[in-house]
Ligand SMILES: NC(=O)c1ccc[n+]([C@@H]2O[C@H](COP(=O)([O-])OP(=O)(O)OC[C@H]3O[C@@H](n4cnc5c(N)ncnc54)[C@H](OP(=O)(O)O)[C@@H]3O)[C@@H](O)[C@H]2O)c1
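First, one chain by itself: the form predicted alone, in structure tokens.
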Amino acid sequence: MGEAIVAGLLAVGFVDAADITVADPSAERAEVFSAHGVATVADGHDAVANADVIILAVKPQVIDAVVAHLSAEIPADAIVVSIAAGITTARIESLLEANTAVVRVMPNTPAMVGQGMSVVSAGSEATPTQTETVREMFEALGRAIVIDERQQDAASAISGSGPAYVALFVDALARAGVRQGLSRDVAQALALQTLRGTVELIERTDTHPEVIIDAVSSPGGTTIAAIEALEASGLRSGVFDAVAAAVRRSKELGS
């Protein structure tokens, strides 16, 4: 996700490569970031000392250790942005110097191609101006909205994990086409463009998805037969269960 953010910000010209420093102890990962033209260091101390915005793109399981390691070096007026799933701003604030601004964000991987969806929540010390600064940064990667932090787990289960759900559906639809005799290339092209076009149709016409379903489902036709099969297989309840599982796991990571 850190690479997606860096690549996305550079692609849209939101920031110059010269203004980004990435800390990663892995030499292999550092090479990936270096390919984007940004500076890389092995120790986070060398990245945060003069930073205006510090993005903590680390796993929830190591966030405490990382923040504790960096705390003394973080400038008093810097904005600390965490994208660690499930980790509250209060938890991060407790590991930092008093009055440090913390903003929690859950972006997603389409940010790499300028089509990301990010949800932004302010900590107790972050001002509206600082929160807006972070929102604008992630808006440059697609779309970003500010929500109450209490909604972060649910929102993250939709947009943060969502690309995996969508990719799973695209793969399943393409494989179904292959099973019916289409080549993989043709089946995947059909699945991708149909998904892309349907999303655009819903957005441009501000139409409820149920209306789209009804419009395509002629009485006694092929689509209604397919929809009935999907409902019978538990597609809708499976999505409900998947999101609920993601929310539970997010809460567990934050506890």
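A residue's number is simply how far along the shown sequence it sits, counting from 1. Being a predicted model, the structure only gives us computed values, none of them experimental.
Just so you know, the form predicted together with this ligand exists too; it's not on screen, but the next bit is about it.
Partner proximity in the predicted bound form, defined as non-hydrogen atoms within 4.5 angstroms of this ligand, places exactly one of 127-135, 102-110, 144-152, 181-189 at the interface: 102-110. Here is the short version: of Ala174, Ala122, Ile74, Ile83, the single residue with a heavy atom within 4.5 Å of this ligand in the predicted bound form is Ile83. Here is the short version: of Arg204, His208, Arg196, Lys59, the single residue with a heavy atom within 4.5 Å of this ligand in the predicted bound form is Lys59. Thr223 falls outside the set of residues with a heavy atom inside 4.5 Å of this ligand in the predicted bound form. Contact check for Pro25: a non-hydrogen atom falls within 4.5 Å of this ligand in the predicted bound form. Using a 4.5 Å cutoff between non-hydrogen atoms, Ala51 does not count as a contact of this ligand in the predicted bound form. Of the heavy atoms in Val66, some are within 4.5 Å of this ligand in the predicted bound form.
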